[in-house]
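One protein chain, two forms: both are listed below as structure tokens, the first as structure 1 and the second as structure 2.
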Structure 1
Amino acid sequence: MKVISLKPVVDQAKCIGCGICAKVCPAVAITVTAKKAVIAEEHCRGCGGCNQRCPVEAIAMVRMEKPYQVAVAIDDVDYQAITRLCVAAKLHPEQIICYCTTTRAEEVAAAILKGARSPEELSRQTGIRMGCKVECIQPVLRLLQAAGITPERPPGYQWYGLTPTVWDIPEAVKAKYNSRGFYFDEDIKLLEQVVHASVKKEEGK
């Protein structure tokens, strides 16, 4: 869930049509037409990424008169299916996976179960990745992967791909670095405790 209260406004006189804003926008809401940035407001979720990267500072973030909220309901989705998907991604359904928007894994899982197929769609539907724009790409990609989805990369630098997890580290690599203060196996144990912590909602059913 995210409340959208800011929107980007392009100063057409300043814009040089470089397209950087379009390449960084996590909602893929920007195109460049006739050498000017055009923002599809219906897809924008107010993260400010375009404003922060425009090389000529042509984009201002302004307060919206009528803020609105995006969210994906979880009540009409089988919670066991949500749990299975989250656990397959090695996440607990109730854990937060985006600190800025406090989005929990269950909401993103529900969006995927309802048909979302890419990080961009998930951002537009749930608002995830619409705060810092940095930290939560991996849990999003992990959930998509757990659902058997390999999303196609958009034509920019919005994201490049899945990266390794602590579960993927080869034993030989662990052995090489264990004595240097990296507690790989202990952390795996701890993360798995979280993943398998009782799911209250499911228990209640």
Structure 2
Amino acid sequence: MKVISLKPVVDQAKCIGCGICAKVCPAVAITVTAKKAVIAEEHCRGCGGCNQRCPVEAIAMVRMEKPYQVAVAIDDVDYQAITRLCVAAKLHPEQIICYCTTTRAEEVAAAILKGARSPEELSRQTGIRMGCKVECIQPVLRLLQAAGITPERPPGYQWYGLTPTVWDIPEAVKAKYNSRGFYFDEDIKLLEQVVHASVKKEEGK
């Protein structure tokens, strides 16, 4: 998905202006003008969400003459800063956080450190969320939060809020279920080792 080879084309005669395509676009590349969907090709990353959800099949995915790749370079960013941001988000920098596009935490962190301030910007720059468009919003929001950024949610279905992680489980809940075969503190300890392995790797250089 990081190589963009398809683009959506709207059949204006079929389009009913319902706006569903705009509400599901993870790159927020679609608007409805005069009751017709309009796609900003410079922001679109060809995920096909609009095509899949259009109720009247007014959007077709067309192969591009010149495919292009989206990626954010990490070699021009202080890797220690990348590591600190990832660790603050409870992520290992080399961890794949979007399996559909094999986007790693380090690339998203680099994009944030270079100025990206929203999930939509990160999607346009790195290609993240251009596969299933569901699960990878979580690490994106966690990285933004770790950077002290609270993005404004778009008026659609593109993303929901943060869901709790093992680090967020209240002590009372841990105490209640520890005797029933749950090992929250042990899980946290193991995950912390994974996350902080990146710090040790940087210190060893």
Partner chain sequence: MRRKPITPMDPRASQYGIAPERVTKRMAAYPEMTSLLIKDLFADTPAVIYPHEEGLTTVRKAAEAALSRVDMSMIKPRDSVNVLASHHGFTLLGGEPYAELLRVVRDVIAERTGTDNIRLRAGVGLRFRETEEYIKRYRLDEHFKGKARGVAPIDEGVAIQTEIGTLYGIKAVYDADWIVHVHNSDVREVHFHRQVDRAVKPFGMSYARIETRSTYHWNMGPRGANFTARSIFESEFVKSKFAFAAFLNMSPSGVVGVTAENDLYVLNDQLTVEGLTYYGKIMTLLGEIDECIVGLDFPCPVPYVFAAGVIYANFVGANDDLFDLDKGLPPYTWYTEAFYDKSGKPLIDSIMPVNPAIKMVVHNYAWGGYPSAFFSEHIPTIVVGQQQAELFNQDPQNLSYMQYAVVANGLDEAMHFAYHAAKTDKVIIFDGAMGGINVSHSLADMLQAKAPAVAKRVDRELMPKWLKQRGVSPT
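Note that the rigid core is defined as the largest set of C-alphas that superpose within 1.5 Å between two forms. Residue positions are counted from 1 along structure 1's sequence. Since the model is a prediction, treat every value here as computed from it, not as a measurement.
- Structure 1 is taken from the form predicted in complex with its partner chain, while structure 2 is not.
- After superposing the rigid core, the C-alpha of Ile188 moves by 2 Å or more between structure 1 and structure 2.
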